[in-house]
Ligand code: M3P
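Only one chain is shown below, in structure tokens, and it's the form predicted alone.
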């Protein structure tokens, strides 16, 4: 699949209640690498295998949740084109200058119909060492520290107007929709999975009465065994689990959901399928959502549907 516009998820900026406690959690339990701190007090992280300067940004706040979710685009010309396309579509955009975030170029910021802030950027500093670019080892000591995901992979966001999100992401940003959940009675969409690549999803949305809510940020692991190891590490550190270990029917990913010290949910997962833009999306009736969420038990978990930050 040719990547010509939005290439991949870039970073998530989260609000946390105790910054230093959260830093210790993401360094020692999640196994992320701290890459810097800025004058605003934000702390930046990447996974051991990511090349970009950061994929997670934390800031101290009185309420947990997500400030924004960002995508990297192919190049500067693509950033300019998408900014123009968004404004032509009727979406107000704002420019954030290069350097406003560590290691990150100019960003285009806009609000989507569910009340979330999305950003696009074309440039981010590479921090990968030469030992990872020439004759690299398949793993490093950092890859064995904590859960140690390969990458920040996607997010699930909750808000009211997911239909507006689908139109914006598919008609303007070039995403496709591999799967969706629809109401048995009126056919309205309850949840959607969207991709800018050939992954099963790069972002997902679920209908929720309050705007701008975070359900989870997800991290990719190499194998089911690594997901189980993540569960062990969570237990060793008394991390509160939500669901799993289990498999989703939707996307086919194997998964564990848990909460960081501020109550922000995160996912560790592996698997899923590859898809292409010409595929007809998979439809899940709401009556089968239990199997979509937890395929072995075919169970709807109340916390999964209601707990957000």
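Residue numbers count along the first chain shown, from 1. Worth saying up front: this structure is predicted, and the values here are computed from it rather than measured.
Absent from the display: the form predicted together with the ligand. The rest refers to it.
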query	finding
Contact check for 193, 201 and 216 against the ligand in the predicted complex, heavy atom at 4.5 Å	yes
Residue contact check: residue 26 to the ligand in the predicted complex, 4.5 Å heavy atom	no
The ligand contact at residue 293 in the predicted complex, heavy atom, 4.5 Å	yes
Contact test in the predicted complex: residue 251 vs the ligand, heavy atoms, 4.5 Å	yes
Interface membership of residue 12, the ligand in the predicted complex, 4.5 Å heavy atom rule	no
Proximity to the ligand in the predicted complex, single hit among 44, 48, 257, 69 (heavy atom within 4.5 Å)	257
Options 139 to 147, 116 to 124, 193 to 201, 74 to 82; stretch whose heavy atom lies within 4.5 Å of the ligand in the predicted complex	193 to 201
Residues of stretch 264 to 290 in contact with the ligand in the predicted complex (4.5 Å, non-hydrogen atom)	267, 289
